[in-house]
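Taking the form predicted on its own, here's one chain by itself in structure tokens.
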């Protein structure tokens, strides 16, 4: 039986959604795998999340240290190397923090490294087969990961179906004393809050999100009309912000805002992992794109191959006629 470790990040006393997704990912690796959650941090929030994770995982390791009160991959790397056993297979979210943590951690563990995995195709005694996406999602690649000496694998958030908690009845194991000296050259200086714009897209239940398919700044009005008809808010992907057509506060993605709407309408958005990494909470996704091979269709609940400049006015009119 394979023993898998899942690194669970959290903030403000709440675990990220990958906490529920890693259970599914582990089962795709090995249906009978033993899975241990690993949390690093400091204080009451760490204790709270660790206890909550016992409803998902039979075993939860916590490492409590003041140096990990704020995310610092260099510190976390030292702690994990000290605590994880030789040959461990560790799942890490493919986020900006995970991309900082993972490569160096695999070197320190003398283990294999695989990044941005979206699926697994099983494993034998020493090798694990994973699936990645290349060229913006246009091509899927199948990779073989040698796990004989362990592995660090970053998992794309949202790639695996979440598993609800409630029955694991796990226990928390305090490994804080095993972490050793966590002093590093990298120090936390300050937390810079994102600028607040004219609207808060993180509070909206329905988002009409536009990408390159909007073509011109003047066409944003078309998206706004649809949003008004649906009592929604207009958000966007990074190219729209880079073009200075909308402000940064409306950007969804790993370099923008993280949103949890009930309905996410992706209008002319390709669906790169950098963008979809900002869409959490398992919303109902409606995707409209002229390109039938756009990656967004792989995660959409409803996919429509159409020009958004033709589709949005018709939908707005239909909604207004209801």
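Residue numbers count along the first chain shown, from 1. The shown structure was predicted, so the numbers you read here are calculated from the model rather than taken from an experiment. In this text, the rigid core denotes the largest set of C-alpha atoms whose superposition between the two forms falls within 1.5 Å.
One more form of this protein exists, namely the form predicted in complex with a small molecule; it is left out here, but the text below deals with it.
With the partner omitted here, the residue from 213, 93, 102, 130 that has a non-hydrogen atom within 4.5 angstroms of the small molecule in the predicted complex is 213. Checking 290, 48, 262, 27 against the small molecule in the predicted complex, a heavy atom within 4.5 Å turns up for just one residue: 290.
Using a 4.5 angstroms heavy atom cutoff to the small molecule in the predicted complex, all of 238, 253 and 271 count as contacting. With the partner omitted here, the stretch from 271-279, 53-61, 29-37, 66-74 that lies within 4.5 Å of the small molecule by heavy atoms in the predicted complex is 271-279. The small molecule in the predicted complex is approached by residue 307, whose closest heavy atom lies within 4.5 angstroms of it. In the core-superposed comparison between this form and the one not shown, residue 57 has its Cα shifted by less than 2 Å. Superposition on the rigid core between this form and the one not shown places the CA atom of residue 40 less than 2 Å from its counterpart. For residue 146, a C-alpha deviation below 2 angstroms is recorded between this form and the one not shown after rigid-core alignment.
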